[in-house]
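The form predicted on its own is given below as one chain in C-alpha cells.
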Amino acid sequence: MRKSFSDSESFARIRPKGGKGANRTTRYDDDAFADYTARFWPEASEDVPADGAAVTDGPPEGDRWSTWDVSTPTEKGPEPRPDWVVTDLAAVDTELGIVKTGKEADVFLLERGVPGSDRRTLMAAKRYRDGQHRLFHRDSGYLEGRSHKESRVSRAMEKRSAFGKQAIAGQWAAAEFAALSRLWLAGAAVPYPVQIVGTEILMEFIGDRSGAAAPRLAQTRPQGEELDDLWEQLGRSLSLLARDGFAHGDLSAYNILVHEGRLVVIDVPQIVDVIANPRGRSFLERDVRNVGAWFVSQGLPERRVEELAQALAFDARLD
C-alpha cells in the first residue's frame, strides 16, 4: 500500500517583522512552523492517503510512488527549480541505503526516477524521529525566542510531554525546510530543498552519481590556497545568514561537506534568530569559533577567526 500522510497544508507563511534590523527581508513565521507540524501526532494514519481513498496498486518498482503530488506548492522547493529535480507523477522513489544516523534524524539515499526513461536523480531523505525516539538535549536554548500562538502547545513543549515532543519534532523539520529554502534563495551554499512531507525532508544529495556521499570538512586535509578558498566560501555563506539576522546555531567541521572544491553547509534545523533570541550573539560567535578552531588546526591564521566573528556581528547589526 502506498505510504502517505494525513495532512499536507501550508506551513510557510511569511511576514515582515519590525524592531531592530527591520529593513532586512521578510522572515519566516515561527508560528506557521508549529501550525503545520502540530498536526502530525502519533495517532495520525500513515496508511490512508490525504484524500481518504485507499490506494491498493503499488509502484511498478522501488519502495513507493513519488511523493511530489502529496506536497502542496509551499511544501516544495523554491523556484526556479534546478533541472535535475524530477517532478513527474509517474516517478518512483527507491531507497538505496542509509547515509548517516543522528540523534534527531537519519539520512537515507533515495533515487527518484521515471521507469522506462532516463529521468532519475539521487536525493537525500532526512527523516526526523518521532517524539518517543529522539533526544531533545539541545532544544531549550535554540527554542528561545520562539513560541506557539496556542498556549497549550507552548506549555506542552516546555514540559516535554509526549504531545510537546511531537510538536517540537515537527517544528525541527519545518524549520529546517524553511531555512534551506530561504538560504538557497539567498545564495548560501546549502543543499537544494526538494520538498517536505510530514517529518521527511527530501533534498539535494551532495556526492557523486554512484551514491558516494561527499566527505565532511573534518575528513579533509586542505592546505594553502585550498584552505583559504574554503574559509572564504564559509565566510560568504555565514555572512548571508548574518545579514538576514540568523546564525547556524550548531556549526562545526562535521556538518559541512566538501564536494569537488565546493563547501556545503548542512544540518540547519536549529537555525537561530540572533535578534529574537537573547543568546543570539553567543550562538553566532560560537559557530565561528567552533569551525574556526578546525581551520586553525590546518594552518589558518587565528586572527582571521576573530575577524570573521566581528564581521558577522556587524552584518547582523549586533554592533
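Each residue number is its position in the shown sequence, starting from 1. These numbers were taken from a predicted model, which means no experiment stands behind them.
The same protein also has a form predicted in complex with a small molecule, omitted here; what follows describes it.
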| property | result |
| --- | --- |
| is_contact(residue 77, the small molecule) in the predicted bound form, heavy atom dist at most 4.5 Å | no |
| Contact label in the predicted bound form: residue 172 to the small molecule, heavy atom within 4.5 Å | no |
| Contact label in the predicted bound form: residue 178 to the small molecule, heavy atom within 4.5 Å | no |
| Contact flag, residue 257 vs the small molecule in the predicted bound form, heavy atom cut 4.5 Å | yes |
| Proximity to the small molecule in the predicted bound form, single hit among 197, 86, 234, 124 (heavy atom within 4.5 Å) | 124 |
| 230, 213, 188, 92 - the one with a heavy atom within 4.5 Å of the small molecule in the predicted bound form | 213 |
| Segment assignment from 238 to 246, 69 to 77, 205 to 213, 113 to 121: heavy atom within 4.5 Å of the small molecule in the predicted bound form | 205 to 213 |
